[in-house]
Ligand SMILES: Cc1ncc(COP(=O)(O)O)c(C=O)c1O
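One chain comes next, on its own, written out as structure tokens in the form predicted alone.
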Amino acid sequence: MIPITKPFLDKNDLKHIKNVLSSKILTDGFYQEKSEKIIRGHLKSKFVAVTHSCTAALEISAILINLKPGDEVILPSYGFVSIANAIVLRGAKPIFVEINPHDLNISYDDIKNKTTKKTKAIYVIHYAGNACQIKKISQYAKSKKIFLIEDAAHAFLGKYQNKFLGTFGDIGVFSFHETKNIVGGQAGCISINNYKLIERANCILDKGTNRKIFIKNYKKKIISSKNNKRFYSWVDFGSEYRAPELSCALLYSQLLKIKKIQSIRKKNWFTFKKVIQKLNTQKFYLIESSKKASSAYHILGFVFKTTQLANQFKKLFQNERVAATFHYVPLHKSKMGKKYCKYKLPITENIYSRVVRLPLFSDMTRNEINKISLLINKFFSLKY
């Protein structure tokens, strides 16, 4: 089976992991420090912390902006469950909104329709690595004095008008899960550009303690005995959110070859786009970035004219041992989502069953690319 995705790994990744085991420093070490420095340099962010997952970063964001019962938080229904969980775990109410059919990103117009006096924050997703209407949404959030958090799990190093996605809002979160462009096994990070939120971040990351103030050097994890009155203690909400050193070592190794990984993904994505353009079909359209943005090329995705066509397409590919699958089921239609949402979202409900993803990863072989291309052509030669 050609999978939907797989990580781009080589002997250098193993070398850095072995370095961690040799050092016997398994937390808060060299690789955590270096990974954060590289990411901060790429994004030009004021604060970056590597977390054990993007889910952890989202939970931190909800604590940082003080979500509480009575607050409303806008988010797209078409997305992963982690945003919704971060919101409801603080007692706030998720307000699900529509997506734009052409790119499956959150609808700016519906954000405005769903904003009330109780709206505390807007969470956006840059779906497939493509920018949502982030500039307009950012300006709107500022005008309403609403927090803006960008879920850029798909979009590390994607841009809008030469500015990195995840850096427009107060907070940006990223994923380095096994399924993403670059990986830390299971890892993520949080980027903060609102100075008022940075001070608390390290405490929340460290189980709610001010440990970071006392232990700044990963090589010296013992607090000096010169002043016995100085101890770190519990000062805020928090949990064990930081990534372990093994994850950071793998992430560091991946960051060193990020240009190579991204350039190959982009090349592969455009190879498939050329195949699709030649078909000149009305049966589906490709999900792609706007002209003002630079994609992270995370997903090769299509929206079909009908659910029946989408299912027939998936069946053909799966029978030939090529992964072809749906993506998100709308959150507002889920068992948990129905507890918070009693209204319909017609666009989202109409489109989600017509979405299909095909494999896209950096070390696809020429044979794999050719096989997928031939199957795309075969599908459109058949009379469905």
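Model, not experiment: these values are computed from the prediction. We number the residues from 1 along the sequence you see.
Just so it is clear, the following notes concern the form predicted together with this ligand, a form of the same protein that is not shown.
Asker: Give a yes or no on whether every one of Y160, F270 and S290 sits within 4.5 angstroms of this ligand in the predicted bound form by heavy atom.
Answerer: The answer is no; none of Y160, F270 and S290 reaches this ligand.
Asker: Taking the shortest heavy atom distance, is I125 within 4.5 Å of this ligand in the predicted bound form?
Answerer: So I125 counts as contacting this ligand.
Asker: Flag K112 as yes or no: does it have a non-hydrogen atom within 4.5 angstroms of any non-hydrogen atom of this ligand in the predicted bound form?
Answerer: No - in the predicted bound form, heavy atoms of K112 and this ligand never come within 4.5 Å of each other.
Asker: H177: heavy atom within 4.5 Å of this ligand in the predicted bound form?
Answerer: Because a heavy atom of H177 falls inside 4.5 Å of this ligand in the predicted bound form, the answer is yes.
Asker: Is I74 near this ligand? Define near as a heavy atom within 4.5 Å, in the predicted bound form.
Answerer: Heavy-atom contact with this ligand at 4.5 Å: absent for I74.
Asker: Would you point out which of 231 to 239, 75 to 83, 129 to 137, 280 to 288 contains residues with a non-hydrogen atom within 4.5 Å of this ligand in the predicted bound form?
Answerer: Heavy atoms within 4.5 Å of this ligand in the predicted bound form occur in 75 to 83.
Asker: Exactly one residue in R211, K120, R265, H154 has a non-hydrogen atom within 4.5 Å of this ligand in the predicted bound form; which is it?
Answerer: By the 4.5 Å heavy-atom cutoff, the listed residue in contact is H154.
Asker: In the predicted bound form, which of the listed residues (I149, A187, L165, L104) lies with a heavy atom within 4.5 Å of this ligand?
Answerer: None of the others qualify; the residue that does is A187.
Asker: Since the partner is left out here, which residues of 53 to 70 would have a heavy atom within 4.5 Å of this ligand in the predicted bound form?
Answerer: Contacting residues: S53, C54, T55, L58.
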